[in-house]
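Only one chain is included here, represented as structure tokens and corresponding to the form predicted on its own.
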Amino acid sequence: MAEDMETKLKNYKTAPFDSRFPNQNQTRNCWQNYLDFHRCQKAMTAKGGDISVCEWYQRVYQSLCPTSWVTDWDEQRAEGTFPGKI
């Protein structure tokens, strides 16, 4: 069963339906998954855990978000001007 679930997760090409974001506009879904990925990464690094558990969020935001947004957000995080709380 666990192997089957891992296989399904690896084979996802696009983000699956998320009931928190039922509308066509997926901007908020993109934003939330970007934040969740970086929060997860920060938390796992602080605990000394495996960062690979955060890959799900990364795949989802990369699937949903325009590349230009992600580039801008990454630059803002590097400069310390990112508006989200990570």
Partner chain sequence: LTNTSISDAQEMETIWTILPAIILILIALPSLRILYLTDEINDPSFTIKSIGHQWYWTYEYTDYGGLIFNSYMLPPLFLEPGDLRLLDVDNRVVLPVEAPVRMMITSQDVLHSWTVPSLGLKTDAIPGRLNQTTFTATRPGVYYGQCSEICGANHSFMPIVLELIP
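Computed from a predicted model, the values in this text were never measured in an experiment. Numbering follows the first chain given and starts at 1.
Unshown form predicted together with the partner chain; subsequent notes refer to it.
By the 4.5 Å heavy atom rule, the three marked residues 35, 45 and 52 all fail to count as contacting the partner chain in the predicted bound form. In the predicted bound form, the partner chain stays beyond 4.5 Å of every heavy atom belonging to residue 39. In the predicted bound form, no heavy atom of residue 76 sits within 4.5 Å of the partner chain. Looking at 53-84, the residues that come within 4.5 Å of the partner chain in the predicted bound form, counting any heavy atom, are 59, 62, 63, 64, 65, 66, 67, 68, 69.
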